[in-house]
Each structure stands twice: as C-alpha cells, then as structure tokens.
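Have a look below at one chain only, the form predicted on its own, in structure tokens format.
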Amino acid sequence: MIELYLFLIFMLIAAIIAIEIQDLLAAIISLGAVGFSVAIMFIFVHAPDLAIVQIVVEVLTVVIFVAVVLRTTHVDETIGKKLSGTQILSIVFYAFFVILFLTVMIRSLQELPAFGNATMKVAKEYIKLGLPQTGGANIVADVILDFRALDTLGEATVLFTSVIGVAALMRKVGRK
C-alpha cells in the first residue's frame, strides 16, 4: 500500500514540473512519467489489462506531443507573464478541486480491502460457476467472453481506436 502513496507523490511532483518548466520537451517527459506511473499503479492493484491500455495510450500521446513540439517551438513563452484576474480565479478553483480530489482519493484508498482478497473471491466464483453457466470447458475463455465480455469489448475498442488514430496521423499521403 505504501507503494501507491509513493507513486502518487511522484506523480504530483512530475505534474508540477510539467506545469512549471519552460522547456516543452522536458514538460512532455514529465507528463509521460505521470502516465507511466499510473500504469505501474494499475499493476500494483492487480489490473494488468488497464495497465496495458494505459501504456499504449501513454506511448502514443508522448509520441504525438513530441512530434508537435519538434515542429513548433521548444520553449513556453507564456511563463513569467502577469496573471489576469480570470487566471487567478482559475488557479483558485483548480487548487480547490485538487484538494477535494486528494481528500476523496485518500479516503477511498483507506476503505479498500487488502489487495488480493477480493480478487481471490471473484476467481473462486469464476471457477465454480464457469462450466455450469457458460457450458465452456476453457475457464479463461469463459471469463473473457462471458463474465467480462463488456470489459473485453471496451479494451479492444480503446486499442483499435488508438491504432486507427496512429494510422491516420502517420499516413504520408492525404485524401484529395
């Protein structure tokens, strides 16, 4: 459990660096560190399917951001300018929602059961009900295609959409 808190602290530091640093490539690297930390946290909470999707989306996002920055400017020229009243109000609202989010997240993490206990209970149910409810002898296929079919469809949709997005961005010849 302490690992999750350490990764959360790392993510907050990397996010602050991404916001405050003037070099945009360094900001992209910091933002990528936040995304990959999320993937590692998914692994810690026994959600490797979400971790895989997070890694795919994070790699694509970082590659697109780097491509855009390399074609434009490398330095954020808005840093150091005076803030307007609207920007100050936005910062206050942002700080409020960050504090609210952190409070809810910490309370949620405290109420989670010990990791692994709930997973083992669900796995026992899948094994016990797999053959009678689905009629399939392959329990892995039963879980993926029957018990968690919508989850599997969602993951496949995210991956398919990512591939289509990359193909559309990387094509050399556009339609006329």
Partner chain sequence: MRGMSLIVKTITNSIIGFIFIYGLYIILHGHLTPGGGFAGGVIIAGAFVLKILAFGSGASAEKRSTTVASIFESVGALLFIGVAMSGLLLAGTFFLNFLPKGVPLHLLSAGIIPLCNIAISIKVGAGLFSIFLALAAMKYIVED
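Numbering follows the first chain given and starts at 1. The structure presented is a predicted model; accordingly, all values stated were derived computationally and were not measured. Take the two forms, find the largest set of C-alpha atoms that superpose within 1.5 Å, and that set is the rigid core.
Not pictured, yet referred to below: the form predicted in complex with its partner chain.
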request  = Heavy atoms, 4.5 Å, its partner chain in the model of the complex: which of 103-111, 22-30, 121-129, 45-53 makes the cut? Say which one.
outcome  = 45-53
query = Taking the shortest heavy atom distance, is G35 within 4.5 Å of its partner chain in the model of the complex?
reply = no
inquiry  = With the partner left out here, check for me: in the model of the complex, does some heavy atom of V163 sit within 4.5 Å of its partner chain?
reply    = yes
inquiry  = I'd like to know if M170 sits close to its partner chain in the model of the complex, meaning any non-hydrogen atom pair within 4.5 angstroms.
reply    = yes
key: Partner contact for Q87 in the model of the complex: its partner chain, 4.5 angstroms, heavy atom   = no
Stretch 48-72: residues contacting its partner chain in the model of the complex, 4.5 Å heavy atom cut-off = P48, D49, I52, V53, V56, V57, L60, V63, I64, A67, V68, R71, T72
task = Take the rigid core as the frame of reference and indicate whether the C-alpha of S162 shifts by 2 Å or more between this form and the one not shown.
result = yes
ask   = With both forms fit on the core, is the shift of the CA atom of L150 between this form and the one not shown 2 Å or larger?
value = yes
ask   = On a core-based superposition, does G136 travel 2 Å or more at its Cα between this form and the one not shown?
value = yes
remark   = With a difference of at least 3 Å, the CA distance of V45 and S162 in the model of the complex shows the atoms farther
query = Your call: N138 and I52 CA atoms, closer or farther in the model of the complex versus the shown structure, by 3 Å or more?
reply = closer
